[in-house]
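The chain below stands alone and is given as structure tokens, in the form predicted on its own.
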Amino acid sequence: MYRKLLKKKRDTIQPLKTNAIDSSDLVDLTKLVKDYIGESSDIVQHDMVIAGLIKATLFYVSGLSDRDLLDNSVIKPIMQISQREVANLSHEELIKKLSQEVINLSSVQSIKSLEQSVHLLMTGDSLLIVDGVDKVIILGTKGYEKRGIEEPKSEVVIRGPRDGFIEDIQTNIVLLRRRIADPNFIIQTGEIGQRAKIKYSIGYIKGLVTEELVNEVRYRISCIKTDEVLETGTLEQLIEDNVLSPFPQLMHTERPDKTTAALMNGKVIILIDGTPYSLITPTTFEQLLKSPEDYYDRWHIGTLIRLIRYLAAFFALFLPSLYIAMVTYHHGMIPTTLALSIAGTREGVPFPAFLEAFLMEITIELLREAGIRLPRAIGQTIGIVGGLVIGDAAVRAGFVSPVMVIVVAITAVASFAIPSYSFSIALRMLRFSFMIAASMFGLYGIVISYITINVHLVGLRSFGSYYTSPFAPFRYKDWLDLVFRAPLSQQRTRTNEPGTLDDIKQN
């Protein structure tokens, strides 16, 4: 029944019109284009007469096409043609002359497909229709406003490049090309979305990445039949292996250096026009706890930072549940002095430890969400002030104990130390399940939940790669770049996941 419902919904999606150009009359062709594009007021029609003899019409989208480029490289040169130059030319010769001698653009082509012409018009190109010619001349006049290259907002580093991806896919490809001068760096471009037709690119290093991985990425993207894919997050959900898993199975980043490192490790990247993020596939659990900065500092510092990061992940996942289990079921495991201190602070608190922790965690999540939605200038202030004020007021009112406030604060700070935002959110979600298990079964509930998650993780794959590698399956060589980061001179091979055609990274 569900499949029938899905089929019915798919059938309601109307296919696009596929009108073909079968006339050379300017009036007919202009009417065809107008019928196709409807009554959009931002599409400009500019009528011209070439050399006082031949009528022509130019279509372009205001704001998407470069108006100065049109004026100086298309309209002005066309209007300067003399009658003598075009008087005895056939239609084919006229198109050839316009394309090769008159119009000063690097991209000029003539096509007969109206659907393709209008699609290019909607992406910023211009259409030139000449009376008597049964083709449309496509002029590459894209020129819209775009944001400048700035420092990535979500992945700030102390030491490292300051440039980040922007919403223009061509600029993002250039940022990668600047770092990879290898001719084997392949970029393949296509369109995704039956109606939006968003431009996307797949990138990989030929000779490093396996053909199976590239084909798998191509296959999954080609299977997508939807109206639009506006962000890498949408594409990620459509091509991931397990939609029920809370863990991210593709890594996203707005850092070109991180994307370059992934390419050099035999991975495939996906860029989408209109988003400042790249997708990296496949990904593994341990890579979500790494940062590019780990490799920019000496190995001692990189190792220390990673240790802190793993400790932060442990706190972000387990700390509230451990507090609940200890206070509720396992008082004997707490040192006497500490137990008496905790008992003293909890005196008068009307809620059990679980409800106390649950309310504080929900409050922190609300403050965090509000801080993101508020304007950046006041969002951080509201988050900090709100947390202090609410925490202090809750303690003074006797709703929660001071120890609980400390536990929740450490948990919140620890979750910010995780480099991957998607992975951090996954831990935040799982934290609540651990808290529920701890409130019901104490430490036994935590252990059972931990085992359940591990069973899920070892069975999880990301485009054929083991998600928990090199923990399971155990790959001892990859442990040189795991929690402990060995000196770079000792890291001579690429990681086992994904498998590459050239394992040697340096001699």
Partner chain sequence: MKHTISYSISPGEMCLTLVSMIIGVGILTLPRVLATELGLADGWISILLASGIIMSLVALYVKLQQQFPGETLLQYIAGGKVGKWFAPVLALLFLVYFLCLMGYEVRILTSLMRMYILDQTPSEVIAALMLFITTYAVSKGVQGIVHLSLMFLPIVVFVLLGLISFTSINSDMTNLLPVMPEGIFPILLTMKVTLFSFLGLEILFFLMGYMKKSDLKVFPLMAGIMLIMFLYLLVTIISYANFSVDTTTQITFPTVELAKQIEIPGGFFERLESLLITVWIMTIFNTISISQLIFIQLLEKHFVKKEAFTTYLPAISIFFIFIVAFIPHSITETFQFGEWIGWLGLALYLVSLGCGYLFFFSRRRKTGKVGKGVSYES
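Everything numeric in this text was worked out from a predicted model, so none of it was measured. Positions refer to the first chain, counted from 1.
Just so you know, the form predicted in complex with the partner chain exists too; it's not on screen, but the next bit is about it.
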**in the model of the complex, the residue from Val447, Ile37, Met48, Val27 that sits within 4.5 Å of the partner chain by heavy atoms** = Val447
**Complete:** Answer key, the partner chain contact in the model of the complex at 4.5 Å (heavy atoms) among Leu213, Ile186, Ile173, Ala261: the residue is Leu213
**Prompt:** At the 4.5 Å heavy atom threshold, is Thr57 in contact with the partner chain in the model of the complex?
**Reply:** no
**Request:** Report whether the minimum heavy atom distance between Arg67 and the partner chain in the model of the complex is within 4.5 Å.
**Result:** no
**Message:** in the model of the complex, is there a heavy atom of the partner chain that lies within 4.5 Å of any heavy atom of Gly63, even though the partner is absent here?
**Reply:** no
**the partner chain contact in the model of the complex: His330, any heavy atom under 4.5 Å** = yes
**Complete:** Within 4.5 Å of the partner chain in the model of the complex by heavy atoms, the stretch out of 106-114, 69-77, 322-330, 367-375 is 322-330
**Item:** All of Val156, Ser201 and Thr381 with a heavy atom within 4.5 Å of the partner chain in the model of the complex
**Value:** no
**Message:** Using a 4.5 Å heavy atom cutoff, which residues in 356-375 contact the partner chain in the model of the complex? It's fine if the answer is none.
**Reply:** none
